[in-house]
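In structure tokens, one chain follows: the form predicted alone.
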């Protein structure tokens, strides 16, 4: 770890405008500093602001909910408002990381977490445009089994790592940012940027801006599912995941939201799948058509081509659960017409 200047903020006003990085839970940043991937010259510790209600509380916001940026993953998952109104977010939080990390990690930090791509995290690999712009992408010609099939470019195919962000995108979450020029709100699905030719620029975040909250509008449906497939059951990042929200009335899909994880260079909302669902009968055939629509622009490579059929099955299963046609084990629910 390299030397850096350290300061503890005692108020939001202290933190806003500071150069370098903010330290909250530190579960990603400190790891990457130890690996010499992150090299901030200034670190502003915002953990004292956990005592500030604005940054740590989860409260009703109009008809939606506002989650303070320093609320922990555990606190958020266990909060009654989240459990009652945003079940897919609760599920995504509970299958992300370990209990110890969930207790430490903040919601603001969660949406900022960086990729697990080994070419990014291991300095022994010299080619990584995300870590060292212009150096190339080692994964494209190298090991890419876990890499993205959606949203990639010739510069980068690294996946976004956050489970929670996938559910947040499905719910239409906004990011509230406070900077030297005031406060602004950005949709989360726009806050994360595609890699293009600048994969090192990952977020719409200006110098000195602090994430103060995430806001969730009223969900389009009471039912919501987050389904995650990974190499092992515990403490593992997604190979493929899907957050599915469905409003089904009289057997037809009235409204739908579909977002994917583990397969995109950012939390991947699929308007193509949603268009294939709305107005159609809530059946397996409709859900299979939605999965094909979601993956029509996928660009797999040789080692991650399996993610296309895998993700199609994940989407269908998540939609079947969200429609109440199967249970969590995939068994048909009697009388549901599956």
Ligand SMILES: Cc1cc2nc3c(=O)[nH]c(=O)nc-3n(C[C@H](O)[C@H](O)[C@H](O)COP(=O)(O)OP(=O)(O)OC[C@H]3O[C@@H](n4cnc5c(N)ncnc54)[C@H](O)[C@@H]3O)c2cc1C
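Numbering follows the first chain given and starts at 1. Given the structure is predicted, the values throughout are model-derived calculations rather than measurements.
The form predicted together with this ligand exists for this protein as well; it is not shown, and the discussion that follows is about that form.
Between 144-152, 80-88, 123-131, 157-165, the stretch whose residues reach within 4.5 angstroms of this ligand in the predicted bound form through a non-hydrogen atom is 157-165. 23 is the sole member of 325, 23, 9, 316 with a non-hydrogen atom lying within 4.5 angstroms of this ligand in the predicted bound form. Taking a 4.5 Å heavy atom cutoff to this ligand in the predicted bound form, the contact residue among 188, 229, 95, 221 is 95. The three residues 101, 113 and 210 all sit with a heavy atom within 4.5 Å of this ligand in the predicted bound form. Not displayed here, this ligand is kept clear of residue 192 by more than 4.5 Å at the level of heavy atoms in the predicted bound form. Contact check for residue 295: every heavy atom lies farther than 4.5 Å from this ligand in the predicted bound form. This ligand is not drawn, but in the predicted bound form it has a heavy atom within 4.5 Å of residue 236. This ligand in the predicted bound form is approached by residue 29, whose closest heavy atom lies within 4.5 angstroms of it.
Contact residues in stretch 171-202 (any heavy atom within 4.5 Å of this ligand, taken in the predicted bound form) are absent; none meets the cut-off.
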